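Single chain ahead, by itself, as structure tokens, in the form predicted on its own.
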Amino acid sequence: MPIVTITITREGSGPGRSAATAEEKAALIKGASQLLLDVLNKPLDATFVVINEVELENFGWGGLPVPEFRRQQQAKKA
């Protein structure tokens, strides 16, 4: 029984969105399950997918909270 955990930051995937939509989450679940079926022959009804959403401030990258890391990256591009 495979268990797949997907962790994403809680931010929108498009303008005016503050989180992944139910449709996007359903697509992630379907895709991860299908991948395990295709690669490891694990049945869809035996695969569990958990999506964890993390507030952006609680996610770090490059030793910094993501918002600060992104600000620094943008400053380097300017």
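Nothing here was measured: the structure is a model prediction, and the numbers come from that model. Residue numbers run from 1 along the displayed sequence.
There is another form of the same protein, the form predicted together with another copy of the chain; it is not shown, and what comes next is about it.
Shown alone here, G63 lies within 4.5 Å of another copy of the chain in the predicted bound form, counting heavy atoms only. In the predicted bound form, T7 approaches another copy of the chain with a heavy atom inside 4.5 Å.
Remark: A75 does not count among the residues lining another copy of the chain in the predicted bound form, judged by a heavy atom distance of 4.5 Å or less. Residues from 15-48 that approach another copy of the chain in the predicted bound form with a non-hydrogen atom closer than or equal to 4.5 Å are A20, A22, E24, K25, A26, A27, L28, I29, K30, G31, A32, S33, L35, L36, V39, L40, K42, L44, D45, A46, T47, F48, in the order they occur in the chain.
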